[in-house]
Structure formats: structure tokens, C-alpha cells
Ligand SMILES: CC(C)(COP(=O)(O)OP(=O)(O)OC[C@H]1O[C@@H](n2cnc3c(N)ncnc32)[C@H](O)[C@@H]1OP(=O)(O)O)[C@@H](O)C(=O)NCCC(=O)NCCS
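Take a look at this single chain, the form predicted alone, given in C-alpha cells.
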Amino acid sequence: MIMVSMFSSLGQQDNLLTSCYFKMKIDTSLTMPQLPEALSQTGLQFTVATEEDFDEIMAMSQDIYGGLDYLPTRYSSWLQETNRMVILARKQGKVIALESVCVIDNGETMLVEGLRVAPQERGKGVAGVLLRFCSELVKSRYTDVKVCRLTRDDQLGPKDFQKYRIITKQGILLVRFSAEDLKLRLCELGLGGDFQSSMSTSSTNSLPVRLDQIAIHRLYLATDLMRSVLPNSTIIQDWQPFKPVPSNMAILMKKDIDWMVDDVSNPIVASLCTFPFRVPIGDDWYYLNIDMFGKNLDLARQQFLCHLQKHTATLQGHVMCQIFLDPPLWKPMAEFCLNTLNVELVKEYTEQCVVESDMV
């Protein structure tokens, strides 16, 4: 059993956890070649998550992300993804932690997502043990995996820089508003029904263009046009970083995403918007996620407005909208949201950091 009281110091605990890992008990459903043998002292068992575990997982992760937890709407679809494994850690049969890992980038990258640890187990090293187990599990099944990637929004410290390389950063702008109030405000600004006509009065002549699958593949795969637009040649969609390669585009094409650019022949700004989904912050609350790439404020603002108009048109209730954008654009976009759209800024500047480490 992993208990802090068993160790005289956190350092001793970490060392013992590391050494014990290689002898951890593995649930029979996960037994496969090259995985460690059992050591009952940890008190942890590992199982593949199922639909039947949903209620227990939700109880374990109540109030996560201030009520903006995406997991309730993604859990079932995660279980269906062939390139993903959702692993649970159990103690005495009870779920105490969850980690989701999927393999992307032509099988070369393990993407880590969805970490959850039960409140009473936090700070005891459970997350590290679970991640190590997942890493060994992935390496045993996907022999070409070279790196582990994850996306963080907390402040990176010296220890993090010893473990990870930063791939790219985006600023995070989080606002909230009433869908009805926003629709009225857009009409007051002349951005009502005929959005394309309204946008023609902008200081730039380019109008936002929504992409179909053929255009998406042409821009992101058949040409190098997007390389200079994407941050470090990385498509970041809803916290997931992808290289623009065919296997990743196949994953993205299965999702409900609104793809947009300012110009299909020479794009300067591109954006990907999720379709609204409910979050457990309260009744009739929705979450909207917009990943914005490029450095032109005016074009970014146009696409932002276009996404808002489309995806709030049929909503009734409240919306939490999170925009990820080039860090220098954060302040002027925040001022636009506050002073022009009259929406509420939820928090000050934070960063989304994509980091990676080598698989060892």
C-alpha cells in the first residue's frame, strides 16, 4: 500500500516507488511480454477502464478544472479509440487514479492525457507510478514510440525543465458569457445573419474561409503552406499536439471540428474550433474551445467572431470559451472581448505548454 507514513521523507518515498515499480502487480487483463512482475506491497492493481467504471471515475474527479472537466463528454469516445488506452489504478478494488495514453505521430509519440487522482491519494506518488506503468505498457505494444508528450497549463519549474523539452507555447484566454447576450451584441455590432457581408467592412479584405476535408488535406498535408502558421509545425487541437502527417489527420477527421483559414492560397491565420459540449459547472453550461494559429490580430479576431456566431447561434444558456493563441495576441484579444463584446474575463494570462521527454 502506498502511504506517506511508510517513509521517513518524500525523497525516500520517491526512490522506493521507483524501485518497486519494476515488480508491481499487474492485473491479468494487462499481462503481456516484457512487463514487470508483481510486488504486493504497493497495493495497486491496474485495469483497463470500461463503461461500468464511469460513475466511480466521476466521483473521484469532482470539481476538477473548476467545473470545466471535459472527461464526462470524452470518456465513452476515448474507450472506442483504437490507438488509445485508458488505464485505472485501484487500491483494495477501488479506483484511485486514471491515466489516458494514445499513440500518435505515425506511432512515434505517446500522448498523455486525462490524469486523475482521488483527493485522498494525492501527493503520495500514485501519479508517477501510474504514468510509469502506462509507459511500459505502451512500449510493450508500440515498439516505435520514441517520445512522451503532454500539454500543461501550470507554471513549469526547474525540475520540469530537467525532465521535459518545450515544444511550443500558446496563451490561454478564458471568457464566459450568456449565449443570448452575445447574440444580441453581435447583432448590435452588425455581425448578425449575413456574417460574410458584415465582415467585408473590416480593415482587411480577407474573409474567413471554412475548410472541407479536401481543402484540409491539401493545406495541411499536400503543401507546406501551414508550416509557418502552425506553432513549431504543430497542430494543437483541444490540448492535443499533432504533427501534420496523414495518420494524425485521420484521427482529426473523425472529430467534430470547425476548420478555418483567412486565405486558402496563402494562409496567415488558421483556427480549429470544437463544437460546444456541456460541462458540469451547472445546468445549461457549455464549453467552446478555439485553437488559433498565426500572428495577425485582425485576422484572428475575424475568425474568432465567425466561430462565435456559428457555434452560439442555437445555444441557450451560458458559455465558457477558451481561446488559445500566440502569446503577444493575448492582451489585445482580451481587451477586444471585454470592451467590444462585453464578455467577462475569467482569469488573467496563463500559458498552454506542449512538452516532451524521451521514452527510456
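Keep in mind that this is a model prediction, so the values were computed, not measured. Numbers follow the displayed sequence, beginning with 1.
Keep in mind that the form predicted in complex with the named molecule is not shown, yet the notes after this line are about it.
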> Ok, 126, 230, 95, 219: which has a heavy atom sitting within 4.5 Å of the named molecule in the predicted complex?
Replying inline: 126
> Which listed residue (180, 160, 108, 263) meets the criterion of a heavy atom within 4.5 Å of the named molecule in the predicted complex?
Replying inline: 160
> Hey, in the predicted complex, is residue 149 touching the named molecule, heavy atoms inside 4.5 Å?
Replying inline: no
> residue 132: heavy atom within 4.5 Å of the named molecule in the predicted complex?
Replying inline: yes
>> Is residue 74 part of the interface with the named molecule in the predicted complex - any heavy atom within 4.5 Å?
In response: no
> Any of the heavy atoms of residue 283 lying within 4.5 Å of the named molecule in the predicted complex?
Replying inline: no
> Only one of 265-273, 160-168, 79-87, 208-216 gets a heavy atom within 4.5 Å of the named molecule in the predicted complex; which is it?
Replying inline: 160-168
